[in-house]
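So this first bit is one chain, no partners, the form predicted on its own, shown in C-alpha cells.
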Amino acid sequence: MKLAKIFCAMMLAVFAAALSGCGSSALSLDNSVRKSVAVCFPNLTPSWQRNGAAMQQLLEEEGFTVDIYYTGKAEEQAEQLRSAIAKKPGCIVIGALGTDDQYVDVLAEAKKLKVPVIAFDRVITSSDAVSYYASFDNGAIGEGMGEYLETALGLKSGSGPYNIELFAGGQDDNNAHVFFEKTMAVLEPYFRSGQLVCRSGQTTFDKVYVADWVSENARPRIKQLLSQYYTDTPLQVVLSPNDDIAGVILSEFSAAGKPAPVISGLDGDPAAYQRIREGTQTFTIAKDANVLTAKCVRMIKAVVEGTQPDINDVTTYKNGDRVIPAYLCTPQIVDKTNVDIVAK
C-alpha cells in the first residue's frame, strides 16, 4: 500500500534521498558557461518560492551562478525561458506553469543549442528536449491521500455514510490530474457503496479543480457548497489538493460557524503543521523542499560534469516512444502523531 510506503519512509529515508547523487550527459561548453544555471519557476504558492530559494542557495554553494525567474503566467514563463536559453547556460531547470504544448517551440531552441533541460516537480512530456525529471512520487501522493482518508474514516470496516466534497489542483498541471485520479481510485468504491456521499454531485476533475492552484479561487466554491448543500447537515470530509487551499476552505468553515471537517493537504507548509497541532487540519503530505532541491542539484552537477545521474524510474513518464528518466523522492504523511517530529 502506498500509505504504508509513505509512512515507513520517515526521516532516515528523507535524509538518504537528499544526500544521494544525480547526473546527465556531458556538455562541450567552457567551464564558466557550464557553471551557470537558469531556474524558471511559478510563483503561485509559497512552496515554489521555498524551492527556488533552497535551490539557488545550494547551487551557489557548489560554485554555480544562478539566474532565477518567477512568474504566474505561462506566456511570460515561455519568454523567460527564451531569454535564459539565449544565454546558453549549462543547464535549465523548469517548474512548468502552462500546458505541455506551450513549451514545444521554446524547448526546441534549447535542444538546438545543446542546453540540457531538467523538469522539476511538473513533468513536460511534449518535448524531447527534456533530459530528466526530478519530483516526488505523485502516484504515491494521490493513493496516500485516498488511503489515509479510507483509514481515518474506517471505510474498510463499513463506517459511514459521510458527506464529502472534492477539490483538485490546477487544470493545466499534470500532477494535479495524477493526484486526483489516484485518490479517486481508492475512494470510488465507497461512493458506489454509499459510504461517501457528495451532495453537490461534483465528483469529476473538470467540476472541482481550483484554477491555477490559486487558493483564493477555492473560496467562492466552498462558500457556495456550504450555503447550498450543508445548511442543515454537516460536511464531514473535504479532499483538498494542497495546504494553501485547505487553509482557505477551513477559514470558510470557521466563518460559517461549522466544525472543521476531516481534510487533506499537500506540501507540508508551516501553517498546515500549526493547523494540525490545533486539530483543524487532519493531515498533510510533506514534499520537503530540501529533499527535492538537493536531489535536483545533484542532477544538475551530473548534467554539466558528464556523470551518470541517480535515476529510480524509467517507465512512468513517456514522450512518444521515449522515456524521460526520473528520480522520484518519497513523500511523507504528517498528522498529529508525528507533526512535532517532522516540523521541528
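Don't overthink the numbering: it's just position in the shown sequence, from 1. Quick caveat, the model's predicted, so the values are computed rather than measured.
There is also a form predicted in complex with beta-D-glucopyranose (BGC); it is not shown, and the following applies to it.
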query	finding
Interface segment, criterion being heavy atoms within 4.5 Å of beta-D-glucopyranose (BGC) in the model of the complex, picked from 62-70, 45-53, 302-310, 276-284	45-53
beta-D-glucopyranose (BGC) contact at residue 175 in the model of the complex, heavy atom, 4.5 Å	yes
beta-D-glucopyranose (BGC) contact in the model of the complex: residue 266, any heavy atom under 4.5 Å	yes
Partner contact for residue 121 in the model of the complex: beta-D-glucopyranose (BGC), 4.5 angstroms, heavy atom	yes
Exercise: residue 240 in contact with beta-D-glucopyranose (BGC) in the model of the complex, heavy atom 4.5 Å	no
Heavy atom within 4.5 Å of beta-D-glucopyranose (BGC) in the model of the complex - residue from 167, 213, 132, 148	213
